[in-house]
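Before any questions on binding or motion, here is one chain by itself as structure tokens, the form predicted alone.
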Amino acid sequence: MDSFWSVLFSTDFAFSVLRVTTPILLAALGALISNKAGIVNIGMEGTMLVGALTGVIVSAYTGSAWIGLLGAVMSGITLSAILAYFTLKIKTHIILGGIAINMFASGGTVFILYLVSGDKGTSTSLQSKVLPNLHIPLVQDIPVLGPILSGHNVLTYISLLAVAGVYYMLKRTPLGLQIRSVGENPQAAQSVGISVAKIQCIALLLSGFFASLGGAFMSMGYLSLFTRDMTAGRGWIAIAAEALGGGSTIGTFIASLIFGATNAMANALQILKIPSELIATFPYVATVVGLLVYAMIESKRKKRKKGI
């Protein structure tokens, strides 16, 4: 037990929290933007999975990790564009559309992986590239903070910068104002000339952009290959993090850190003689607990509004 606590309060554990949080945070920011526009993107899990596979395949065939990342992003945006077409143009139910995306991604990625590599489980036969880690000058020499903040994958730093970028976009730009207006009162937004469908489409595309970044991190940063269903529910955890964050950028960031810490703690628990099957449930149990807390907070808030 002493060894567990020594791991838990080490710089390595804090480093791993930021690392594990990255894909959750990126997808949660995407979920936040779409939710702010009044359209729930349930397809985050599938979008992450497609982005992860596309990044590996494109980087393997082009020999460039950055082109692979671009391919991953384009695949996520394309998938979200398809979802937007069916839900906003054809009026398919958004929840059913998102579930269809997830189901397609789960089976489709295995099929495509088999076509290009001859393997249904991993992409080890593909010479895919990995995005670089960055060592920050001066910061890396600071005691305690240096080993925690320096040396992460480039997408980890992009995710942290994205928090500030999304906050600014939603609070300070015309697009952010339109997204919030459409989400809060689409009829009022329509009455002043804002195209509700256009803004919701843009929000879905942005959510696909961030989700695919999270997926690319999984296969080109967290690991150096693609494995079947490798996102392992992180898209759903991201949706839960956005809900627990109360629809705010900072709240979503904090909730993502909490879920990331839970995942990192599950990894740390492997040093104890605890069944691996039990350890694997920790992130999902934390998700359920987080949603219960969110539901209780929302219930109390609504009661206060009604004066009960």
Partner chain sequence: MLKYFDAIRTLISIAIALVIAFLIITLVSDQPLETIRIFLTGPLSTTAQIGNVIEMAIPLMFTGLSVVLLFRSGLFNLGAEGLFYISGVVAAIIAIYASMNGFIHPVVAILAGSTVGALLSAIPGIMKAKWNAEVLVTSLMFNSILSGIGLYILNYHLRDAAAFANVSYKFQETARLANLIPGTRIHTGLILVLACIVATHYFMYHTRWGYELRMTGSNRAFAEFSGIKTGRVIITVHLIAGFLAGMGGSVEVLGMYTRFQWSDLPGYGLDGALVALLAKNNPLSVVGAALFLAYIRIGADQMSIMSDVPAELISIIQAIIILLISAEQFLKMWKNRQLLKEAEKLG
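Residue numbers count along the first chain shown, from 1. For clarity, every value in this text was computed on a predicted model and none was experimentally measured.
This next part talks about the form predicted together with the partner chain, which is not shown.
This chain is displayed alone, yet in the model of the complex one of Y157, Y167, Y222, W236 has a heavy atom within 4.5 Å of the partner chain; that residue is W236. Note on contacts: among G108, P186, P147, G176, the single residue with a heavy atom within 4.5 Å of the partner chain in the model of the complex is G108. Here the chain stands alone, but in the model of the complex its contact with the partner chain, taken as any heavy atom within 4.5 Å, falls in 228-236 among 135-143, 228-236, 209-217, 190-198. Within this chain, L96 lines the site of the partner chain in the model of the complex, having a heavy atom no more than 4.5 Å away.
The partner chain is not shown here, but in the model of the complex it comes within 4.5 Å of a heavy atom of A100. Taking the partner from the other structure, the partner chain in the model of the complex has a heavy atom within 4.5 Å of a heavy atom of T281. With a 4.5 Å cutoff on heavy atoms, T21 does not count as touching the partner chain in the model of the complex; it lies far away. Contact annotation for the candidate site: K120, A240 and L292 all lie close to the partner chain in the model of the complex (heavy atom within 4.5 Å). In this stretch, 194-225, not one residue has a heavy atom within 4.5 Å of the partner chain in the model of the complex; the partner itself is omitted from this view.
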